[in-house]
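We begin with a single chain expressed as structure tokens, specifically the form predicted alone.
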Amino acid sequence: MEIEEGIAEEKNSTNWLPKERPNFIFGPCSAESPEQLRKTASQIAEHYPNAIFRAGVWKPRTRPNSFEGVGKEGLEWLSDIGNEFGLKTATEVAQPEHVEASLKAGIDILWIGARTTASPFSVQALADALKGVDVPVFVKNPLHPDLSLWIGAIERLLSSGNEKVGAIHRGFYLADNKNYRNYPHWDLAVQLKAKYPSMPLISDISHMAGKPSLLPQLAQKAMNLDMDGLLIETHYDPAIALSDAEQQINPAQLKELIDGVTFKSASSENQEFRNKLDLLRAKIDKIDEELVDKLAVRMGIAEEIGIYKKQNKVTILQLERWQQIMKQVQSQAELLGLSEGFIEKLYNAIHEESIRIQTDSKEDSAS
């Protein structure tokens, strides 16, 4: 495992995770038996003694009559594993009684699952149950790409007085997830990181991937984006796992995966590097200023067009004209080596703002 100099430095003084980065959360999807947890934990602890050992004891399934976890009994197993191997333990909570039982069993860290995050009522009930409790809580992103819902869940927990709140990015369910189980939508994770720069953000690459073959590229992507750590579902024998068997890996595969990831520092003490970076960033700042100026000019023209359309009783949306613009810019983008997807997102945003401005334009403002 290649870890560049400086990786052990704490990212932010208010980041409550250990100073050693990256932080690892490993363990099976579900607690199935004391023997299963012990076999898995012993092999994880051998190579990653500072890892957080995770296992779900309550498993919210889409349909009934499937394995839904062993319940409270699993908390005692998990606690015993933590004591035996010196690992911090973590489990999912979805109801206030889950919180109470987990704290009573001495579980170190809790997390709120994607289905629960999507329900403000459920999150508020958990936040109320956690008032006055100094236990770390991670919030997974909701199933669908709704950043405000994710932020809202985090805000509810912070409002309970608990400062040890973190987030887990596990991808989002879309109509078309490409090759993923849950589409990563890294842009939303980056936006959350920008809003809460000192809050730990962990990448649950197992739920994004849905299969082991995608894990290496997702792990590297997460580290390239300066995520605080990785959550990887690990079972001593995934083939016999009672839940999510297809996406779990065994401890030997885990070590091979982690050894293949390049972990980078968020900064460098190399003055030559910093000087060069500052120079390049200054160029980007200048271009950004020009871009904003040009966008302002473009929107000013859009407003003129809106006024003219209203005066002549013409609809705001002109589909043929919009298709012509998109075809033109995509053709130019292809020549310049810009991705089609990027240009489509950019110009959809520009078009949406143009429509808003034309809709709000006032005829009597023309002079």
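So that there is no doubt, residue numbering starts at 1 and follows the sequence shown. These numbers were taken from a predicted model, which means no experiment stands behind them.
Form predicted in complex with a small molecule: not shown, discussed below.
- Message: My question is simply whether residue 309 lines the interface with the small molecule in the predicted bound form - judged by any non-hydrogen atom within 4.5 Å.
- Response: Outside the cut-off, so no.
- Give a yes/no on whether residue 207 approaches the small molecule to within 4.5 Å in the predicted bound form, heavy atoms considered. Although the small molecule is absent here, residue 207 would touch it in the predicted bound form, with heavy atoms inside 4.5 Å.
- Query: Within a 4.5 Å heavy atom cut-off, is residue 170 in contact with the small molecule in the predicted bound form?
  - Reply: Result yes; residue 170 sits at the interface with the small molecule in the predicted bound form.
- Message: Taking any heavy atom pair closer than or equal to 4.5 Å as contact, tell me whether residue 111 reaches the small molecule in the predicted bound form.
- Response: Yes.
- Among the candidates 211, 274, 115, 164, the residue which, in the predicted bound form, approaches the small molecule to within 4.5 Å (heavy atoms): After the contact test, the surviving option is 115.
- Heavy atoms within 4.5 Å of the small molecule in the predicted bound form: which stretch among 334-342, 313-321, 51-59, 36-44? Flagged stretch: 51-59.
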